[in-house]
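One chain comes next, on its own, written out as structure tokens in the form predicted on its own.
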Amino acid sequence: MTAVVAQNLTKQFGDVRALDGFDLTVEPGQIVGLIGPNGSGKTTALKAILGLSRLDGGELEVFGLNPPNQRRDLMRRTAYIADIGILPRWMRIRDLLTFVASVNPAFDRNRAEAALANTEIRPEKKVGTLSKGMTVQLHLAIVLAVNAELLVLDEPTLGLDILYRQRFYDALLNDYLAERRAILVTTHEVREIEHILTDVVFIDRGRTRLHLGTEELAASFAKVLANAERSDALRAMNPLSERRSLHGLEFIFRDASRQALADHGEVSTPSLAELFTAVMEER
């Protein structure tokens, strides 16, 4: 069954239209990156998917369920990591794991303890004694140990050093996705997740700007590095964007002939960050 089906979602906050016809589909086995600038509607969309917010319009189903009306059933199949994790500061780590196991039958304590064994976090410590980064590590270890079919991550590695961020994303690939679960992730660190995504969704001003598989991106988009002499010819081919770099002029094209582009410069595939910038500039 499809994990998430969202069609023409709308949500208004006063004069602000947070979602304005947003579309999204997430299938089991996919890691979908939801990428957009600040205020683009990412968190609003995630809250709607989790049943934390009611929409003004559109159709939304998660595993065939209506999120706000069937949230209890939904939470049995979903895990969520917010950009700011709130844990009881007075509780010891071992007691926190015991508590989570008592309220969530899908929680695998052994998996959580195995994840924490690779950190400096010890069972006898209280949450309040942990640093910000260690608190994030604890939160991630708990949520990743929940046997959920859909994992929703909102800036999951905020506050972590680069080493633990890499370990976290490796865990997603090696452990969590092994059972064809679905993952929906938002982050500003696009370069860190580019290699793990199966699909990308660009959202801007509450609308879906792009939704493609990562393999399709390489086939649909091209970057050309050229000198100034070739710039007019490339501009005549309607690029999405143009920028000057230390190496020359860089143009990004969509659905253009790579053979034709090669006559004017060095052709390559743009990174996800470069493509995102180009799509945003196109608006």
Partner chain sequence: MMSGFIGLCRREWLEHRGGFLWAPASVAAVIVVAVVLVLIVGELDLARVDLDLDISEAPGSNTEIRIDGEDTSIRDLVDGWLAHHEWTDETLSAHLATLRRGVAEPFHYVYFIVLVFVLLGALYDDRKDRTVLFWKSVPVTDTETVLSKLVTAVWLAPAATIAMVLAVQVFLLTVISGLAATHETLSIWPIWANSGLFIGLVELLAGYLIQGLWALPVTGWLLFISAAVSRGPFLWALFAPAALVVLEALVGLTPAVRDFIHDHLAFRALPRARPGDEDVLEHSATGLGDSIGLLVTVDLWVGIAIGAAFLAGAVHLRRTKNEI
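The shown structure was predicted, so the numbers you read here are calculated from the model rather than taken from an experiment. Residue numbers count along the first chain shown, from 1. Under this definition, the rigid core comprises the largest set of C-alpha atoms superposing within 1.5 Å between the forms.
Separately, the form predicted in complex with the partner chain exists; it is not shown, and the next lines address it.
Undergrad: Considering the partner chain in the predicted bound form, find the one stretch among 195 to 203, 69 to 77, 181 to 189, 115 to 123 with heavy atoms no farther than 4.5 Å from it.
TA: Correct option: 69 to 77.
Undergrad: With a 4.5 Å heavy atom cut-off, would you call residue 88 a contact of the partner chain in the predicted bound form?
TA: Residue 88: yes, in contact with the partner chain in the predicted bound form.
Undergrad: Give a yes/no on whether residue 163 approaches the partner chain to within 4.5 Å in the predicted bound form, heavy atoms considered.
TA: Flag for residue 163 set to no.
Undergrad: At the 4.5 Å heavy atom threshold, is residue 147 in contact with the partner chain in the predicted bound form?
TA: Close contact is absent here: in the predicted bound form, residue 147 is far from the partner chain, nothing within 4.5 Å, heavy atoms only.
Undergrad: Could you confirm whether residue 172 comes within 4.5 Å of the partner chain in the predicted bound form, counting heavy atoms only?
TA: It does not: once the partner chain is placed as it appears in the predicted bound form, residue 172 has no heavy atom within 4.5 Å of it.
Undergrad: Of the options 52, 219, 65, 237, which one has a non-hydrogen atom that comes within 4.5 Å of the partner chain in the predicted bound form?
TA: The option sitting close enough to the partner is 52.
Undergrad: The partner chain in the predicted bound form: within 4.5 Å of a heavy atom of each of 108, 110 and 130?
TA: No, because 108, 110 and 130 lack any heavy atom that approaches the partner chain to within 4.5 Å in the predicted bound form.
Undergrad: Which residues from 87 to 103 come close to the partner chain in the predicted bound form, meaning a heavy atom within 4.5 Å?
TA: Contacting residues: 87, 88, 90, 91, 95, 96, 98, 99, 100, 102, 103.
Undergrad: For residue 185, does the CA position differ by 2 Å or more between the shown form and the other one when the superposition is done on the rigid core?
TA: Shift at residue 185: below 2 Å after core fit.
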